[in-house]
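Just the one chain here, the form predicted alone, laid out as structure tokens.
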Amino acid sequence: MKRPEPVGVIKQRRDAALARLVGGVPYISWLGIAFERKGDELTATLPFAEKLIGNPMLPAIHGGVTAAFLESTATMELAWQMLWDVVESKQLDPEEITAETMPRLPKTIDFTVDYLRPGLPRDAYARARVVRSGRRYASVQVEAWQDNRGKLFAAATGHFLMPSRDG
């Protein structure tokens, strides 16, 4: 009987895959967005920085930054689900992920943001939930909060064209 892999090896493989995925999108690192993985669930963090302020009178996080944060969270959730499958089945070693071997990212068809309250000058968090994911199309809902998950400052719904999984 084959012994299961040690938990540390599994975690290291998953964390390496996530780091390569996120590192492949320069805009995410420019905004400072980080992703924390618990099992197959991702939580995005947008650390506060002065460059994110759109209205210095409030001050509030710029609406475009909020939208980019939510869209990046949705895109990474979809891409992570695709990458999870190939990494867990050992079709792709995370250490061998390059720009050429990285699965293509989903393309946004439309993205609607509901601005529920101003994003305050502090860290923000977001989680995406895939509502539907088929071979060609996916629908995702995203929620963003700051101090209290029950008090969202923004929410979004996005529809994405999924890349071909062949080859």
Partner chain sequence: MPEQGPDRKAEIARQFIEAIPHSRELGMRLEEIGGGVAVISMPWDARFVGDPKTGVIHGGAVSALMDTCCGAAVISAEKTPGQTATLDLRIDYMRPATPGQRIVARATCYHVTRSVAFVRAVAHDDDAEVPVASAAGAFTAGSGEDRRPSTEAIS
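Quantities reported herein were computed from a predicted structural model and do not represent experimental measurements. Numbering follows the first chain given and starts at 1.
Omitted from view is the form predicted together with its partner chain, to which the following refers.
Mapping the unseen interface onto this chain, residue 141 falls outside it, with no heavy atom inside 4.5 Å of its partner chain in the predicted bound form. Although the partner is absent here, residue 136 sits far enough away that none of its heavy atoms falls within 4.5 Å of its partner chain in the predicted bound form. Taking non-hydrogen atoms only, residue 115 approaches its partner chain to within 4.5 angstroms in the predicted bound form. Using a 4.5 Å cutoff between non-hydrogen atoms, residue 26 counts as a contact of its partner chain in the predicted bound form. Contacts between 81-112 and its partner chain, taken as any heavy atom within 4.5 Å in the predicted bound form, involve 99, 100, 102, 104, 105, 108, 109, 110, 111, 112.
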